[in-house]
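So this one's two forms of a single chain, laid out as structure tokens and tagged structure 1 and structure 2.
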Structure 1
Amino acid sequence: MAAVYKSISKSSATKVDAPSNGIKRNKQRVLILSSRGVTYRHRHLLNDIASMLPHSRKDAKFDSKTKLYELNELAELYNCNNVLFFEARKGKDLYVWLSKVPNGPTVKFHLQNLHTMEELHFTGNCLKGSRPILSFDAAFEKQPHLRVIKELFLHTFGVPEGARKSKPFIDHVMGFSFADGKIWVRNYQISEVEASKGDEEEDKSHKSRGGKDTDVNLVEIGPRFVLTPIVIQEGSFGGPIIYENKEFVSPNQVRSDIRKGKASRHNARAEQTVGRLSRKSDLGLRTKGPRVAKSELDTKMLFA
């Protein structure tokens, strides 16, 4: 895993050019695209992320779900060295592939708890094309596979200075937290509000230190979602698996278990009904059956 971490750093270093004026530019570009079968919520999430990343390039939907290695050629065609691919399954499940082209590694996530900007109606807002501050939980430095994921997040969501269509402002924060084996992603606006006049002595001491009477707050913008790491491959959309999440259960398996549970309860009720009827017949008790019309020559009808 450490070798993979070093390979990512080397691949990013190759994209830093030193022009004649001596200013180095980090040429990180991200290709964002999805597969066939995405829902409108998945499409809105893709548009939200693309609007937050001015160094990204959107492309049409990718037809194949098996030949993902062809995305490397597509990324080279658009001069991109990062790929963010949304793979939809059965119109319900969404998987996210994050790859470093062309040498890898590649991380596959399962995306859950999706809420787009259009759904949330948060009051926060940020300038389109501004650069974000990436905030990571301390847990990303404790495990090797989380360090690899953190480096990929830095290359994908970190807008380099002087990037294409980027603005020279930093007015929002992207937070990545790790809890319960999942990565929780949030986006906040950096809001500066004038300080209240509650404590005049603190204001005077603050002014004496050269500060301004402003309070910095974070206001959520959206979108918000949760990523569950599944596997990490050494290459770009291929190669040996260097990490696998043994605790991950696919949503197909969850739905199958729910259906089997309902079927087992139905079978148990059917078996109880058959057993009850058989016991009644053994005891000579009358069991409920289809009603038969009484005849006029029946004994009970004649001698009533």
Structure 2
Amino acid sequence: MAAVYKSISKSSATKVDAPSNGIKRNKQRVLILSSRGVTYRHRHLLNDIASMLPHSRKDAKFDSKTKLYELNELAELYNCNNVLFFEARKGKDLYVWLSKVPNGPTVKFHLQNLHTMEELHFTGNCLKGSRPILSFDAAFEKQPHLRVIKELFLHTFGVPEGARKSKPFIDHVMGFSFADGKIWVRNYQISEVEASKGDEEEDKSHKSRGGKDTDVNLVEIGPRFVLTPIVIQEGSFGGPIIYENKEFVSPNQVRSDIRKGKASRHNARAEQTVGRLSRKSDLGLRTKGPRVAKSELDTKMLFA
């Protein structure tokens, strides 16, 4: 019965969809999945994001970290043309891949400063599956790689018009800001407040259209995270690299530098000790060291 209904509604929908003015309809579906080895916070973030995107399809953890191109087939299987993939490494570093499926491009980000909705205790809330307003920083229009990233965000985080399970009202905004070479993502609820109480009657008359004289303010919902773009590939999970972030330092490098810094201090000390001992032995001050050859003008030799 459901299948029948589906088929009927689908056919009717396609009729409605038929573009009258020749503009292609924006249809997006996102496959959301993570690799193995994500921590619970990564998983919760994934759930938070999935709950905000009604056009997404969540899948089980992906087993491989090397054969990522297999995700293309997986996405096609689920009828998705975007992939949001969380790749966890070493149980602490999280990399996020955003990809357009058949032809790319693919962007790889390093995700930091992650706070899930649950741990943030923000009072904001919004309808599940309402379409967000996407707010981009002006920087996103300036550089070509950021323009590509913006487009991918638009496809992934922007809920397409008329998406299944999407709600007809707009009650939250997603902000993407570019600062310090990183992309900061925030999610706010839009709450409307009375701007002035003087013109209440006027307000009432407009209420059917959503209260014209109300002002808006924002209440944060969460989650919060920061993305550092690393690499853009031309293909989807493959293809030549068309952008690489020079400023990005991998967390492994950071950790090893710290370790090396500590080791170098020790090494310097150890070297000093060895140097001191050798100097001492050169002067013949050590019992074990080689004695200094006695010169013939030494007092002991002269008066022996």
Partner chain sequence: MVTKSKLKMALVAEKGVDFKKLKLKRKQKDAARHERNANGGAPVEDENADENEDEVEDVEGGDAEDDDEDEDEDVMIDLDALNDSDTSESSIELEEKIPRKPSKKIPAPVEEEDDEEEEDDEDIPMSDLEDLDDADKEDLIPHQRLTINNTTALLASLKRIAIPTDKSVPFISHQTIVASEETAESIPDVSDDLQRELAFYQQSLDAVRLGRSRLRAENVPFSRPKDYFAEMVKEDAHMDKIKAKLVEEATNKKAAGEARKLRDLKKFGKQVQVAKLQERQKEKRETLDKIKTLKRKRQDGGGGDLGTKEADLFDVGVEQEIGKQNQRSGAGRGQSAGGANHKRTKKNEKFGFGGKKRHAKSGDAKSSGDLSGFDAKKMKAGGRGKVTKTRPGKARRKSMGTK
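Here the rigid core means the biggest group of C-alpha atoms that line up within 1.5 Å when the two forms are laid on top of each other. Numbers follow structure 1, counted from its first residue as 1. Remember, it's a predicted structure, so these values are computed and weren't measured experimentally.
Colleague: Which number goes with the form predicted alone?
Modeller: Looking at both copies of the chain, structure 1 is the one that matches the description.
Colleague: Please state whether Leu277 has a C-alpha shift of 2 Å or more between structures 1 and 2, with the rigid core used for the fit.
Modeller: The answer is yes; the displacement is at least 2 Å.
Colleague: Would Arg36 count as moving between structures 1 and 2, using a Cα shift of 2 angstroms or more after superposing the core as the test?
Modeller: No, shifts by less than 2 Å.
Colleague: With both forms fitted on the core, check whether the Cα of Ala268 differs by 2 Å or more between structures 1 and 2.
Modeller: Shift of 2 Å or more: yes.
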